[in-house]
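Quick heads-up: it's one chain on its own, the form predicted on its own, in structure tokens.
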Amino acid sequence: MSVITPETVTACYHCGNDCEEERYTIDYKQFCCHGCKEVYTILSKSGLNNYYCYNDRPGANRAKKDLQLDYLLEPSIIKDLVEYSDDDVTIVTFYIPHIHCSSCIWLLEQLNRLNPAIYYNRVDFLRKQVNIRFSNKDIDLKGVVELLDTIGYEPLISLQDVIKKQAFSRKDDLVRKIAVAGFCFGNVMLLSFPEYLGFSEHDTSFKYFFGWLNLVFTLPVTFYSGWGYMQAAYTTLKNKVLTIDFPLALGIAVLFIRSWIEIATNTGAGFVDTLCGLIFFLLIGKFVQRKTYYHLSFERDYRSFFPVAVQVIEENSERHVPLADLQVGQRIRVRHQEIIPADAILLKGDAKVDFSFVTGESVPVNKTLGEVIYAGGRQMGGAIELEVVKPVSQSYLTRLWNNEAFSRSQDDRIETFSQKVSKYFTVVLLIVAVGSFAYWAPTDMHRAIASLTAVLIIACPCALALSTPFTMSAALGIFDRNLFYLKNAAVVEQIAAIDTLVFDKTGTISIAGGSNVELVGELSVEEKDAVSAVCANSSHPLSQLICQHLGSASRDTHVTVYNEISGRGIAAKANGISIKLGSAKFVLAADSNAVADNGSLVHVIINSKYRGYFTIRHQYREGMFEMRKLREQYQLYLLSGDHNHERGNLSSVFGDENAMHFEQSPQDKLNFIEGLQQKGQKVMMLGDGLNDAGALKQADAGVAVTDNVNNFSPGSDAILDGRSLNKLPAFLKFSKDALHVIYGSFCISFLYNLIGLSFAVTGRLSPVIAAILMPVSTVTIISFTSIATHLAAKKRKLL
């Protein structure tokens, strides 16, 4: 191995990152860090070089991390994490965020070649999970995690992993039902084909035999595959609500009964093919609707944010304790980048805590010894020691999340177009059916019954039931391509109805931790040291950023005079140097807002002489300032937990100062959304942290903005990758386009129904006409929705 100074930027053979600072070379291949090189070495020695054949540079960056995995030796934690364990075998499933390509699947399924103690492992690519079965006698749980980490696939183990009940998704046998319906439908079509062409007089025995075979196929299709529609119709009727399930169930029942009567009495061929085809296509539509994004979790809470265990200091040694067992009075150690798990007093160390995810405050906050630090903050810096003052169940973060307002159910907030139409459709259908029966009954009872059943059969809203799922499926697929992930199809309609947009700031429209500080002017080393010492005494975010930029002051620097005027600036003296820094109005007595083109200014006077200013610019996401165009159609608001030092900069987007609200608590945000809704406004909330969780839940459409969709984000209706925030105007327009496509597909399906009804009301509907109309209308709807949705996406430049 040799380390050489890079002359040109080269991509790492393992992870693809640029080898900027130094590169490691082995086998004429170059790596960005020692970790990536080690992974390659391990795979090469194990004969697993095929890993690199499936994709170019498939691995994740392997920069060295200080993993603390001893907690995986604690029996109580192991018991909660594993799915099964006996004297010989343990089965466990891990969530691995780094799974992203076919190479990952291939390598993870070769674990047994790296360690024979692994018996079996299978990867669920969509869920980014790997299920592992291993020998207890030859390797333990910690060893399995270390093995995964060694090859670059460190599992993400959070508190939610030990709360299994939330992890289980609803399971049913939809695929099996589709398979049964499809098998029966195919066979029925085959057996019905002679009926379509007409039997000769010599073949009547076959006609009778084929008819009974068809009836046998209707039993599993109706009472297994289609039974769910019967149950749904019964439930909705019981709740005195008319949905599209009722005419569907009615159509299925009539098709089944009439087919059995006609074939059993040898008076007709029945509508068995129509019945089987109807249920098969309906189930396909349901599958398409349900298939979307099950791999993303839209229902997450603070447990996904918290670790499984915490290090407790006892008698000068550390031991890992499950978070649920953490007691008041225990002394804990929290290291760099770790979450503070419970409200605690700082006993030792320099605490610089990032609360951006909990409160929205963008700047890490310094804490002094003896100060209480609330749960949920992330320590940035060296290890600190704290004493727990409240159990996890009563900590600030847990109480916040368990607040009734934050956990209320907001399902079915907007009645979908399909639900609205279904009410009227069902009523009209029953009127036409009863009317046709009443018209024919006085003269021809047989024809009256035939017309009644025919209307219920032909008007069965198969195409109506399919138009929404197929349109929404196409729309969701387009949103997916553009990194906007919706919880379900109904969210598209929720977004289309929005007239008000409310943005969080830090992490949503600005990049968390992304601030640039620049000194315009010159300060000597002693002066910088003095300014840093003065700023360290202030909790104002701009002071903290300047302090970070200048670095920590030396221990010999002492602040002897300190006077801070809130919102204006600081006058102080450090090591005999007089310092005045703050707004232009405070420092220069100038009538200025002290705002740069894209940020804030902090002016500096040293010993009564003006020495320049610091410019502090927050990094906003691409296209953020183009959002001002949305004000033509939507009301825009900003709700931030941060200070108001960006007010002037953001006024170009949000306009009226009344549209911007700073230093908002989570409850304030939720109350603000409620206030807008009480005025009749339909609100979309865009946020990223726990402090936005209640507002996201309360809004008519809650959108969690994140830089990594697989990392923790609050429960929401949609997850938007931060890179696509600039496409928000296009997403809003496209959601309206999708709704228009549904309107169009409903019109087409109504047209087919009118054609069918013209045969049905006369009582002359033949099985052939029904068998032709049903699949033709279905194919038309699917084709129309797919083509129209894609054309709309191209118009909005989303394809």
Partner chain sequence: MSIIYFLIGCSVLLALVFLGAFFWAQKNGQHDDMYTPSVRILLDEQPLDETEK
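If you superpose the two forms and keep the largest set of C-alpha atoms that fall within 1.5 Å, you have the rigid core. Residue numbers count along the first chain shown, from 1. Values in this document were obtained by computation on a predicted structure and should not be read as measured data.
Missing here is the form predicted together with the partner chain; even so, the following discussion is about that form.
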Given 751-759, 45-53, 31-39, 736-744, the stretch touching the partner chain in the predicted complex at heavy atoms within 4.5 Å is 45-53
Taking heavy atoms only, is V365 within 4.5 angstroms of the partner chain in the predicted complex? no
Are any of the heavy atoms in Q110 no more than 4.5 Å from a heavy atom of the partner chain in the predicted complex? yes
*asked:* Even though the partner isn't displayed, in the predicted complex is D124 close enough to the partner chain, meaning a heavy atom within 4.5 Å?
replied: yes
### Residue contact check: R176 to the partner chain in the predicted complex, 4.5 Å heavy atom
yes
Checking Y610, F417, Y439, F183 against the partner chain in the predicted complex, the residue with a non-hydrogen atom inside 4.5 angstroms turns out to be F183
Checking W227, F206, W260, Y562 against the partner chain in the predicted complex, the residue with a non-hydrogen atom inside 4.5 angstroms turns out to be F206
| task | Please state whether all three residues I105, L213 and F217 have a non-hydrogen atom within 4.5 angstroms of the partner chain in the predicted complex. | result | yes
* Inspect the rigid-core superposition and answer whether the C-alpha of L754 shifts by 2 angstroms or more between the shown form and the other one. => no
Exercise for review: Indicate whether K423 shows a C-alpha shift of 2 Å or more between the shown form and the other one, with the rigid core used for the fit.
Suggested key: no
**Prompt:** Can we say the CA of C101 moves by at least 2 Å between the shown form and the other one when the core is superposed?
**Reply:** yes
